[in-house]
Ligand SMILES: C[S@@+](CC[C@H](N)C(=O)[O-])C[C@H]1O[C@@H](n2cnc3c(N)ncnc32)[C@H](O)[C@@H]1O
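First, one chain by itself in structure tokens, the form predicted on its own.
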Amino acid sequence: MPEKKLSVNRASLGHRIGYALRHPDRVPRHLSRAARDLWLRRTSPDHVSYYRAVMRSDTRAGPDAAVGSGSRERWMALGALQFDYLVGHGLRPEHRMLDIGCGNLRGGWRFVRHLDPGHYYGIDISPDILFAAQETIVRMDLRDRLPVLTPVRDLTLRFLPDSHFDVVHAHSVFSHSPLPVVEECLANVGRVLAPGGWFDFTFDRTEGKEHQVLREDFYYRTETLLALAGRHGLRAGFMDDWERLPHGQSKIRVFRQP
């Protein structure tokens, strides 16, 4: 796996110019995203509605690409990576799992198959990507596993029961979320965690200045997220073993304090 460039500020003009010179074939895509960003700033009053519109646009072009997979092979590989990691860390069929930002079930369909019927609960802010998730359930012949797929307006989780989920999972969610959205989730996830349960989330890590690119990609320092979790009564730790896997993001695990 290529070494992460943890000190790079991808929002800086110098980086953008250098990147364009090294990858001229990617410039049209970036310009298209920049134009979309200008339009959505005018029409979307908050980040959730903004990113919901981004997902509507990206899902129309292709659900796999909308969740960050350039090909079906990559979609399958990243899903397997998520699944193998959690199973290796103790995810059992009898566990109840909440998958935040479940997308079109890149990893989710494997969790649905692994867990007891009715024990998988996926939520996403994008109704469009959840329509694609339903198609994944049909394609993978998982209807009898009774997964629940629910659109949400925010990450307060207020409609979910206390102490219900053994495992909460958010892959490539905080990498697309500003800090207030991240904090909203961390402020509420402890309530829905069962005793002894855990919450895994990935994020784009930087060791330099925290920044964002086109309101779609957010880069955070590890200590910022660890401190934020602690502020909301969660015990958090950086997952070093995840760093050795071929995915490009970092992972933190949090537990509810006893």
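Numbering starts at 1 and runs along the sequence shown. The model shown is predicted, which means the values in this text are computed figures rather than measured ones.
Here the subject shifts to the form predicted together with the named molecule, a form of this protein not shown in this document.
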item	value
Site check Val167, Thr222 and Lys251: each within 4.5 Å of the named molecule in the predicted complex by heavy atom	no
is_contact(Gly101, the named molecule) in the predicted complex, heavy atom dist at most 4.5 Å	yes
Close approach of Tyr51 to the named molecule in the predicted complex, 4.5 Å, heavy atom	yes
Heavy atom of Met55 within 4.5 Å of the named molecule in the predicted complex	yes
Partner proximity in the predicted complex: His176 to the named molecule, non-hydrogen atom cutoff 4.5 Å	yes
The single option of Leu149, Ala187, Leu91, Val181 touching the named molecule in the predicted complex, heavy atom within 4.5 Å	Val181
Which of 134-142, 101-109, 159-167, 83-91 sits within 4.5 Å of the named molecule in the predicted complex, heavy atom basis	101-109
Any residue of 152-171 that, in the predicted complex, places a heavy atom within 4.5 Å of the named molecule	Val152, Leu155, His171
